[in-house]
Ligand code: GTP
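In the block that follows, a single chain appears as C-alpha cells, in the form predicted alone.
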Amino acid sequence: MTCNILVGGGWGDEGKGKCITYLCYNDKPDIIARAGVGPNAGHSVEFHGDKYGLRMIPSGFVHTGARLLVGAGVLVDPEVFLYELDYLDKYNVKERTFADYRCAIIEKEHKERDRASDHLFKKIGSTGSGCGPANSDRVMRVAKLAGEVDEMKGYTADVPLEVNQALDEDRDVFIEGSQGFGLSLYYGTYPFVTSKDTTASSAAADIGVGPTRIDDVIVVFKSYITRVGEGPFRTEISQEEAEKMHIEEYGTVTGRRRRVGIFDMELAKESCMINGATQIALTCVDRLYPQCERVKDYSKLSMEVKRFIDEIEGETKVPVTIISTGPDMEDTIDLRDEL
C-alpha cells in the first residue's frame, strides 16, 4: 500500500501533468485523486502523441484501471467537469470519475464576479474561472455543494471514505495537486496568489487523508521557472532572453504568455521544506539543455545537466528521482529504484 502526493514547487506550470501521466501509467494506482483549487489550473498531458488540456479530471486518466476522484477541497465547475468527461470518452472516464458530494460549485455568477473585479482580474491576474469568488462563498457558507445540484447527479461520491478504505485494503492511492507552492494563499507571494493553500498538507486534506497515511511527497520543479500574471519574480529574465533560450511559454488555461526566469534555488529550498518533500521531479531539462532531448538513460545526460541536478540535490537535501527529457510520457528517466 502506498499513498503518494505530487505538488508543484513553483508558480504552477512545472510539468505536473506529464509527471502524473508517467507515474500513474507505470505505477498503476487503484485511485487517482485530484486536489487543489479548481478549474483555474490547467494540466497538459501528452500520451502516445495525443495532447490533452485538463482543468478538472485527474491527469492520471491514461491509467484506465484507476478510479478517478475529485476531493472535497476542490471547486467544481459542472460545465467544465461534464465537458471533460465527453472530451476523454475514449478512456472510459464517465464510469469511473466522481467528485466528492461536498465539493463547492462554481456558478456563472462566480465567473462574472471574478472577471468584473479590477482587483482580481486586473491587479492579481486571476484566470477569471470564478475560483476566488466561489471560495469566498464557501467561507461564508453560502456556496452550493456538488451533492445539491442536478448537473452532478450520478457523479458524486464520498471520497475520503473510498480513499481510506482503499488504503485499509492495501491498495495504492495517488494524489495530484494543482497550481504551485508560490501561489499558496499562506506561503506564496501574497496578494498575488490563488484563493487557498497549495501545499502537500492541503492536498491531503482536500482528499480527506490524514498526514500519517502519506508515504511520499513528490515536488515538481521545471529546469527554469515561469509565472502567469502579476507578482514578484526575483529571477525573471526578459522575453527576448527567453526567446533566445527557446523557453518562451503560454498558459494552458488562459493562453497568456508566461513570464520566464532562471531556476530559483531559494524558492526550491523553501518549497521542499514546507511541502516535506521526499522526492523531486525535474522537468523540461530538454528545453534548457536541448542535447538531452528524449534521453532515457541517466548515464547519457551531459555533465552540465548532471551538475545542475547535483546542485539541486545538494541545496534542497532531496533526491531528484524523475527527470523529464521531453513532452511525451516515455521521455522520462526514473531513478526511484536507486533510493
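The first residue of the shown sequence is 1; numbering continues from there. No experiment lies behind these values; they were computed from the predicted model shown.
Keep in mind that the form predicted together with the named molecule is missing from the display, and what follows is about it.
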Do G326 and the named molecule come within 4.5 Å of each other in the predicted complex, heavy atoms counted?
yes
Look up in the predicted complex whether C284 has a non-hydrogen atom within 4.5 angstroms of the named molecule, and give yes or no.
yes
My question is simply whether Q279 lines the interface with the named molecule in the predicted complex - judged by any non-hydrogen atom within 4.5 Å.
no
Should A33 be counted as a contact of the named molecule in the predicted complex, where contact means heavy atoms within 4.5 Å?
no
Per-stretch contact check against the named molecule in the predicted complex, the hit in 60 to 68, 266 to 274, 37 to 45, 303 to 311 (non-hydrogen atom, 4.5 angstroms)
37 to 45
Would you mind checking 1 to 37 for residues with a heavy atom within 4.5 Å of the named molecule in the predicted complex?
G12, D13, E14, G15, K16, G17, K18
